[in-house]
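Before any questions on binding or motion, here is one chain by itself as structure tokens, the form predicted on its own.
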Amino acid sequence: MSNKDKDSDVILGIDLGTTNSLVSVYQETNPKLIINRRGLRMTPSVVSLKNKNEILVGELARNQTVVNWEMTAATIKRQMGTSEMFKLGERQFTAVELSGIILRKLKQDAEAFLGHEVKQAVITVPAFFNDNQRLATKRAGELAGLTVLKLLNEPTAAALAYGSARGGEGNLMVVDLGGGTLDITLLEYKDNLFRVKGVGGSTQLGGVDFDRILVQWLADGFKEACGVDLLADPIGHQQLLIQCEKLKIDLSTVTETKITIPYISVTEKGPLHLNESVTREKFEYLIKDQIQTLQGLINDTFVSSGLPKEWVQSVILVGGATRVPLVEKTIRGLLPEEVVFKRDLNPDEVVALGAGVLAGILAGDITDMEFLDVTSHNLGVENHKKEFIKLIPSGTPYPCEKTKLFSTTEEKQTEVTIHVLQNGEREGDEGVVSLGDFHLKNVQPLPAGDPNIDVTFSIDKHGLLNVSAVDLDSGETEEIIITDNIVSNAPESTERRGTELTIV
């Protein structure tokens, strides 16, 4: 094989994050992070429309969040798998499209670093992402010109990074608290095989929530003292948001710090300045509800997995928000004292490194490591009583397939609707999500209650779901490949307009 052919086979490992994204590649015997064209490992997951032909991505875009806020989008990952639109000036973009633009930027930087074109990638996703969110991520990769070989759960990626770098065996709990999402994963590592035993988390809990709580508290105090609502001023609001993120980071290493923003507002009496001291104690009080949510989700993960807390031997902390001292203190308080906390790999970088390890496995460079991932949600159908009938329980290793026999509910029924549902991690959870439906027509007319329809759920290597149904008497079949409603609900030209923009 020529060097050119080998170059084209290189697989990127991409951590597409809420606040920052990273890229790795497996070289020689280790995953290595790729430096972007600004000389940095992390690329902010921010997009800003410069003009009708050019779009800024990364650090340049983040610099626009104050002066050009109406043309800038951030925390895009939280809207994956929804029909939410981002308005940048007069144009609208979907989360899929904006994520595709970020991924295209990462791809271009990787190609500049490596000196050749790259066409394949592994992209990480939160373990608690549902089917729509996973498919949206895969589609974003395709919009960026990448063949997505695997969607890898972020906590599993972190475990792969530690297994590659440190070796050893044992029972692991990975807590991944990033900018916008929380993942809790229980894994067993034995005989070079990572086996996921349980997952939990939330796609709506992360460091940005800590930032916004600080913003609200400071804005309330400023309004009471000065009579000015900073949240009603987009520029003042953005300045406050940026500084509160820095404030949170500072309070991870010191017990008190000061936030100073000169000329944050101007009134008839002149300019106003924000100058406030904040203690770690006050910060921890403000985020107490989020910490309680974290505690509850960890406890739920143990309950749903059927494992006791004593099962855990080591904890891997992932994501920048785990640097908040109260987060680690809370997790330690839930587990036995002898549990070892591993922090020797950078929590901001470990997911990308793990994606690089999987890239090495897929490329054949690593032959002595495997992993089995599991579903994070219960999957099933709705019956005629509007009840959830589970076919694939959460915690099922995938790829997998499950078939269940159903019957009609009316006499001589010739058509049935298969409504595919997802519910939460535990039995009885609220918040059932509809993933789609389809109709099976020309059903053989039989007496009500006769079992004659097989419904099959299959999950592929990406964790993506396919549902099919067959009438065993007539042989009639139908299927649905669960698709997100992002692009289909977007303006017709959205996808095309995104790909025609020049990235700066």
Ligand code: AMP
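Keep in mind it's a predicted model, so treat the numbers as computed, not measured. Residue numbers run from 1 along the displayed sequence.
Keep in mind the form predicted together with ligand AMP is missing from the figure; the text below concerns it.
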Answer yes if any heavy atom of E245 is within 4.5 Å of a heavy atom of ligand AMP in the predicted bound form; otherwise answer no. yes
Should G178 be counted as a contact of ligand AMP in the predicted bound form, where contact means heavy atoms within 4.5 Å? yes
Is there any non-hydrogen atom of V324 lying within 4.5 Å of ligand AMP in the predicted bound form? yes
For G207, is any heavy atom within 4.5 Å of ligand AMP in the predicted bound form, or not? yes
Which of these stretches, 141 to 149, 99 to 107, 298 to 306, 207 to 215, has heavy atoms within 4.5 Å of ligand AMP in the predicted bound form? 207 to 215
Ligand AMP isn't shown here, but in the predicted bound form which of G201, P155, G356, G319 has a heavy atom within 4.5 Å of it? G319
From T293, S252, N423, T414: within 4.5 Å of ligand AMP in the predicted bound form by heavy atoms is S252
